[in-house]
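Okay, so here's just one chain, in structure tokens, the form predicted alone.
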């Protein structure tokens, strides 16, 4: 298949945070250092070379930017200061915009002002909507019970509607990622290859074990805490919202998990903000505006969630309801905008890339074994 070249691709990537790729002269030092680089996926050299050539279709279908975990060692050791790690990060932003069929990701990553404006407008609309809804339902002086300002049962319905929208948006984008990958790599994998490789998907979604292979273990640990805390809180809200909202007595069966998840979220966000302010590691040396918006929005959501819980347990129901509305003003933009179109989308694309890489490996092994008349070996 012919590769369409785009001479302006490197310039286009600069809008997504790429450094001056012309500094790279393909010495291969970066790939020699990368623990994830291998014969099939030469990270980051192959992607850097594709970017220099303007091989847009090839780069659009590549998994390699997602198989980079930004330990930053390649940038530290680059003899020309080409910043390959940050360029790979910019490729992930660019790929996110390519997967997105709505064009919102492209708008967000190319202009932080538009991203911030849309988030603020969505937050204001959410606040007005829930305030009017609450006034029609009950009293602001009641947090739960029959006359609650925001009844948990009805909020639960709204949560599931948002979850459905989120699944649809991410599902469409994930389907486009798969299509780009199969088209660019001319992948012909059987259903067996997809099924055999499937266990890799949840493992790499939750634990990201390949991230742990990097020399720097702390970023992996912080990321793991953030991921597990977020998923725990999401499960609690989606399936145990009634127990979370009831009170003022504490239901330790659910609240203990909420406390641990809140501590994990706030702690991980603060560590990331501290690192970006101090620039104390390679992955924090360059901070795209979208990184700051993502972290600050997550911190607002986590802290207001804790505050409304404390206020309700203290008997200050009116203040708890006001804080709950503010909390939802952060939750809705985060789930409907940031998760499918911003930095949160990485949590879907990266494990999917690892999974698809294994599918491709198994398909090739199966084809080779079939050619020799033998059974393909099981993947490790």
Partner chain sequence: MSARKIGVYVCQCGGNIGDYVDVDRVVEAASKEPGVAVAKTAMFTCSDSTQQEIVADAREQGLDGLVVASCSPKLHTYTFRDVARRADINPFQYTQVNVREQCSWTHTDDHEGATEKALRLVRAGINRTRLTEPLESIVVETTPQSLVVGGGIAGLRAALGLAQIGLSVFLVEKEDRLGGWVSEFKEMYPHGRNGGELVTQLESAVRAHPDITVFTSAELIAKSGSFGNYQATIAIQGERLETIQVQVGSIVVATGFDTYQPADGEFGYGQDGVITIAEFKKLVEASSGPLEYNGRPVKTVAYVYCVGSRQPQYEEGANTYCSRYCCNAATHASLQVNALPGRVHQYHFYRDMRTYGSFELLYAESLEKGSAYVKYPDEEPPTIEKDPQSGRLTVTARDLLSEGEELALDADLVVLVTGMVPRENQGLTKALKLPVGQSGFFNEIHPKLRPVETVVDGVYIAGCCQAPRNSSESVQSGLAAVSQSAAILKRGFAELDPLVATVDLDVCEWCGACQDTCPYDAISQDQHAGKEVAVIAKTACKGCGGCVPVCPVGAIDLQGYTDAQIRSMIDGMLGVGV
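Positions refer to the first chain, counted from 1. Note that the coordinates shown come from a computational prediction; the quantities given were computed from them, not determined experimentally.
Quick note: we don't show the form predicted in complex with its partner chain, though the next part is all about it.
Not displayed here, its partner chain is approached by residue 24 to within 4.5 Å at the level of heavy atoms in the model of the complex.
At a distance threshold of 4.5 angstroms between non-hydrogen atoms, residue 179 is out of contact with its partner chain in the model of the complex. Put simply, residue 336 is far from its partner chain in the model of the complex: not one heavy atom of it is within 4.5 Å.
Residue 319 falls outside the set of residues with a heavy atom inside 4.5 Å of its partner chain in the model of the complex.
Between its partner chain and the residues 183, 80, 279, 218, the one pair within 4.5 Å by heavy atoms in the model of the complex involves 80. Interface residue among 311, 33, 347, 53 relative to its partner chain in the model of the complex, by the heavy atom within 4.5 Å criterion: 53. Comparing 45-53, 65-73, 324-332, 349-357 against its partner chain in the model of the complex, the single stretch with non-hydrogen atoms within 4.5 angstroms of it is 45-53. Residues of 4-29 lying near its partner chain in the model of the complex, listed in sequence order, are 4, 5, 6, 7, 8, 11, 22, 23, 24, 25, 26, the criterion being any heavy atom within 4.5 Å.
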